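Shown next as structure tokens: one chain only, the form predicted alone.
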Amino acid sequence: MSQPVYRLDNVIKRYDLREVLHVDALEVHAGEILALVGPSGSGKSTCLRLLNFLEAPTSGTIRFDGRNYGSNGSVPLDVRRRVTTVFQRPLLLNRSVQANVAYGLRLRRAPDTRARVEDALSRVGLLGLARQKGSTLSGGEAQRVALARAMALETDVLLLDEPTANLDPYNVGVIEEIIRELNVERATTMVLVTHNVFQARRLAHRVGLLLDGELVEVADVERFFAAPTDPRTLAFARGEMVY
């Protein structure tokens, strides 16, 4: 078996005295889609922030591509640039759609910027809006621009924080299809945070449940939904858990 892209060991994240995340062990395999599900406030987005090195764990170790990163927060720029995140509420610049997608590439002085921007916009079905201001877009269009911006960077890892929350069924379908294509065509490793168990089942290879900051269980998608080992997982997957 190949070395995991991520391995988390005894990772704890606290804000002041409040513990918001506790992961004894978690691996993210190369080329997989791992979905993290759970109610609001369960630690899902905090976990993504640690995986993107936006924050450091309070204690424990995050191993990325075989190298250890702990609570000192020192992560080289070249490592950070191998990971990108699409957030639930994308922040777009008050510029054209094309300029928004090109922004990260220009910061990195990447070659073939125009071609990569046009390819990304074409993939998300927004090439015709390339010159339109980002501030004029609908919620679904803005989310697709954010996804195109991440795609254009061609990073090894893509982190997705509720990428289809509050979108209409059409845009949900478009974004889910893009996620599938990226994973299959580029073997992009993805961690998807969602409260939607149906979306997790449609997209993920493995699923993990977070409750009150605790990683309860991680299993392949069929076992997670059909035969989980923890009764809390079964209750959540069946929609019996009230929160």
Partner chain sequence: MAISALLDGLRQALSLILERDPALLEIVRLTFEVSGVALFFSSLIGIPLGAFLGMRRFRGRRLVISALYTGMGFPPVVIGLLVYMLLSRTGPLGQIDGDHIPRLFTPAAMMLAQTIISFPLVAGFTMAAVMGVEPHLRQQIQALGATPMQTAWAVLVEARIGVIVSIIAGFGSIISEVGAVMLVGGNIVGRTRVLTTAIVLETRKGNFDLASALGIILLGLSFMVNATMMLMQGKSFDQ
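Positions refer to the first chain, counted from 1. Note that the coordinates shown come from a computational prediction; the quantities given were computed from them, not determined experimentally.
The same protein has a further form, the form predicted together with the partner chain, not shown here; the description that follows concerns it.
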item	value
Interface stretch in the predicted complex with the partner chain - options 62-70, 191-199, 205-213, 45-53, non-hydrogen atom within 4.5 Å	45-53
Heavy atom of Leu77 within 4.5 Å of the partner chain in the predicted complex	yes
Partner contact for Ala115 in the predicted complex: the partner chain, 4.5 angstroms, heavy atom	no
Exercise: Ser138 in contact with the partner chain in the predicted complex, heavy atom 4.5 Å	no
Any non-hydrogen atom of Arg144 within 4.5 angstroms of the partner chain in the predicted complex	no
Listed residue (Leu92, Leu129, Val124, Leu167) with a non-hydrogen atom within 4.5 angstroms of the partner chain in the predicted complex	Leu92
Stretch 119-149 - residues with a heavy atom within 4.5 Å of the partner chain in the predicted complex	Lys133, Arg149
